[in-house]
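Before any questions on binding or motion, here is one chain by itself as structure tokens, the form predicted alone.
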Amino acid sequence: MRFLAPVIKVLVLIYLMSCACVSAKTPLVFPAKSTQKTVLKIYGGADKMEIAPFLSAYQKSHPEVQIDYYELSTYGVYREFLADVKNPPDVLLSSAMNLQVKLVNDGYAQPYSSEYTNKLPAWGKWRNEVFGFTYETAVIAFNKDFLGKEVAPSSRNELLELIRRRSEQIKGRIGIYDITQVGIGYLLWAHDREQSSSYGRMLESFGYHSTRVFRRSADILKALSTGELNIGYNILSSYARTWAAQHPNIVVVQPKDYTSVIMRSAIIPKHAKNVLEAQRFIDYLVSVQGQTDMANFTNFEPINNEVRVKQKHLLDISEGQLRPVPLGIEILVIDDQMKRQIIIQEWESALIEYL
């Protein structure tokens, strides 16, 4: 089946390029394949280029479903939903686990249980209201031309050493997420703060080297591919691998001192209009068929380990030290107002100090 994946990706790319009207307020519409039509409305934080082949695969087994996919930032998914909670989409998809858990904890989701969701590991769901469907690492990406004959650093200490040695070549050429605007950026940065003994040195070094901030993974990776950036830090592996496959001058490293792991997750809002279709979509997301389609047609990494071990193209998660972000109430600690203020203030102060 894998030989079909590149063909489907190309066809989807052509389709997307023809949809000049797509924007955050205008959905990417996947018309139903049959005359009997029902509409599934999704707010999602995933780039449409990455998720479109997966949504197309879903329609093969559900031809009566029209999918309206609204591509938003991870904060956008959260904010747009709260802006009109009585008129929500049918499903929220986001990699910002803390924001998804907060919506559940605040009573905005409805429970769902099925033979498919019941097979998720306990750490892959919370209260039968938020369901993890990927298992993705945060990686470091490099421009190969910048590295030259050097081996890419495999840990944060090696990264700091590289930055120190080649300081002048790196100034203004490190890219990270804007944690004030990108939900997954804040989540990963806050997780780093808890996990890394080198966090303070990383922050100081990034500030001194005039690190640039971005709102989209694609913008960081595009700048890496053109040589505008030399290093991209804490990028989701799904996006990094997609770009590295298309741009051989991008090198992706899963740091071995520790690697943060996040799950994309799904919620059915309490006031969703098309609950039945939302439930069917959740079932597909976590089913073996859906997880296999995900592995074949996208670079999202499945949560189902039986599917993972059959996919030799996935990054080896047995290497290094994986430190998953928990999907549960404990994650809300990083969203405590005072803690959030401290994290953002120290981040902004470090990046602004050397400007």
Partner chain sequence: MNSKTLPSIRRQLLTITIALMVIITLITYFMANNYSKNAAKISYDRLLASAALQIFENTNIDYHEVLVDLPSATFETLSMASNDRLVYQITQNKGEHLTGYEGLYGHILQKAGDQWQRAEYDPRDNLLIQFWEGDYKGENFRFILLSDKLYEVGESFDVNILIGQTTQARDQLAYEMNLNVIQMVILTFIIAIVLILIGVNQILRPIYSINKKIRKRSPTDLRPIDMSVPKEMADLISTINHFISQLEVSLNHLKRFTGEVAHQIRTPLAGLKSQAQNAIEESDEKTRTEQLNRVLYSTDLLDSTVTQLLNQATLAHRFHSQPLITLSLPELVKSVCRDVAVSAIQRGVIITYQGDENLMISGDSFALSQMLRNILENAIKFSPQNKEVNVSTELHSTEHGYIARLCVADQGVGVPDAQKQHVFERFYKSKGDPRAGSGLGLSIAKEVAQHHNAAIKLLDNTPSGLIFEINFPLMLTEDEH
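These numbers come from a predicted model, not from an experiment. Numbering follows the first chain given and starts at 1.
There is also a form predicted in complex with the partner chain; it is not shown, and the following applies to it.
- Of the residues 214, 126, 233, 243, just one reaches the partner chain in the model of the complex with a heavy atom at 4.5 Å or closer; this is 126.
- In terms of contact with the partner chain in the model of the complex, the residue from 256, 201, 193, 273 that brings a heavy atom within 4.5 Å is 193.
- Taking the partner from the other structure, the partner chain in the model of the complex has a heavy atom within 4.5 Å of a heavy atom of residue 330.
- Although the partner is absent here, residue 102 lies within 4.5 Å of the partner chain in the model of the complex, judged by heavy atoms.
- The partner chain in the model of the complex is not approached by residue 227, whose heavy atoms all lie more than 4.5 angstroms from it.
- The partner chain in the model of the complex comes within 4.5 Å of no heavy atom belonging to residue 115.
- For the partner chain in the model of the complex, the listed stretch (193-201, 219-227, 142-150, 87-95) containing residues with heavy atoms inside 4.5 Å is 193-201.
- Shown here without the partner chain, the chain has 329, 330, 332, 333, 336, 337, 338, 339, 342 in 323-348 lying with a heavy atom within 4.5 Å of that partner in the model of the complex.
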